[in-house]
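Below, in structure tokens: the form predicted on its own, a single chain.
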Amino acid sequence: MSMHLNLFIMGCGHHRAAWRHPQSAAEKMGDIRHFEALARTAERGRFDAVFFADGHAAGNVAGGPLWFLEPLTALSAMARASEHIGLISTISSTFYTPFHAARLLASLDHISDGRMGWNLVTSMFDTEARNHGYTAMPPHAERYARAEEFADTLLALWDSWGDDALRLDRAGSFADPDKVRPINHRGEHFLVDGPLTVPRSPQGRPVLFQAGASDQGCDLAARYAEAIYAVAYDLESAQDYYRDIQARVAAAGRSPVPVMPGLVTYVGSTMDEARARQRELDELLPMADSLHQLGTFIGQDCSDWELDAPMPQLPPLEEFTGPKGRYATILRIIECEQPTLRQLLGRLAAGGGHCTMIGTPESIADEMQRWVEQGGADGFNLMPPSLPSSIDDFVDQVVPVLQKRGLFRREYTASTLRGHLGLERPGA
């Protein structure tokens, strides 16, 4: 058994206050050398891939960096600064056209010698939509219908060149016209003649990731995803999701796919040291903003609550009239961790509903092993609270423990992202 590990790169780290730390990388958000170094760190840790989320609206620019460099552009440089690590970018089916996305991703698969993946999303916010010619986001069902057609069209474009289409015959035949075919797609959302302008790439197709949470999202993942990102607060919820998604995958007539829940880690040589690292970031949170946000999550004003007192009793889930998913997670955190208000704010500031493990390298490895062995995960999408320090800690301290236990590779045995994930190369 070898688990999968991805590095999820987000701003200065997944803790919202990480950018305020004196040693943060806030000044390096536009410096590609910073991101090249992160790719090399993940590669030193023998990770499967690095992963970028993406957003199409600036958001609260005072609250810290989320978006800076466009991910595909950054990954093209990171591909040249690394040799083995997979490279994954989020692609919005609502804002891209299939031909544009297929061309970009296939080009990067060539540039990286077969290390490219993409995370299919439909996007969420009206502020993003208004940067792309919409007055508001299309309805949920329409976005997912478009996403399904988008995925079908990309796959067809990547298959429009046969594996052996290139002849490279200088007497007068660069490619065999019979093996480069139009796709003539005519759908509800897209009209695409094809073929793609990029010959078939090293992996055949870049690896498709998906993070389905809604019913439609899970069904989309079950039909198309070759690996799945998940949100799970604890092992029980991870097991529930894992069973459900693999049942949907099987019902779609497909073999099981790797599932990787998000994971936030604070690593220390002792539990006290690990907790001190968490507290150091939590104390940098702008409390007024954090209290206001929590108030919107729980539907009541908490601006005058005592920060270092235990959380007051909240109404049960069935009495809550707002969005229930996040509220249910908050109730679970309070029940399981019994945090102070300040601790809850810090917990929500780094990873939200994702699993958080705080402890020594051995205790974190123990828990990761438990999740994988007990059917909650095939690996993890690492969400370091602070970059680069948290991923350095994980690679230098936790990875050797996993390797010693035979739970994670010591060396790469494949040269492509498909190979790292144990996936077959599809034929055209």
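If you're wondering where the values come from, they're calculated on a predicted model, not measured in any experiment. Numbering starts at 1 and runs along the sequence shown.
Heads up, the form predicted in complex with a further copy of the same chain isn't pictured, but that's what we're talking about next.
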Contact test, all of 19, 73 and 134, partner a further copy of the same chain in the predicted complex, heavy atom 4.5 Å: yes
Per-stretch contact check against a further copy of the same chain in the predicted complex, the hit in 255-263, 292-300, 163-171, 352-360 (non-hydrogen atom, 4.5 angstroms): 163-171
Since exactly one of 121, 274, 232, 108 fits, which has a heavy atom within 4.5 Å of a further copy of the same chain in the predicted complex? 108
Identify which of 241, 305, 95, 144 has a heavy atom within 4.5 Å of a further copy of the same chain in the predicted complex; exactly one of them does. 95
Counting only non-hydrogen atoms and a 4.5 angstroms cut-off, does residue 56 reach a further copy of the same chain in the predicted complex? yes
Taking the shortest heavy atom distance, is residue 310 within 4.5 Å of a further copy of the same chain in the predicted complex? no
Is residue 218 near a further copy of the same chain? Define near as a heavy atom within 4.5 Å, in the predicted complex. no
So, in the predicted complex, is residue 197 in contact with a further copy of the same chain at a 4.5 angstroms heavy atom limit? yes
Who in 15-47 is close to a further copy of the same chain in the predicted complex, meaning a heavy atom within 4.5 Å? 19, 20, 21, 22, 24, 26, 27, 29, 30, 32, 33, 36
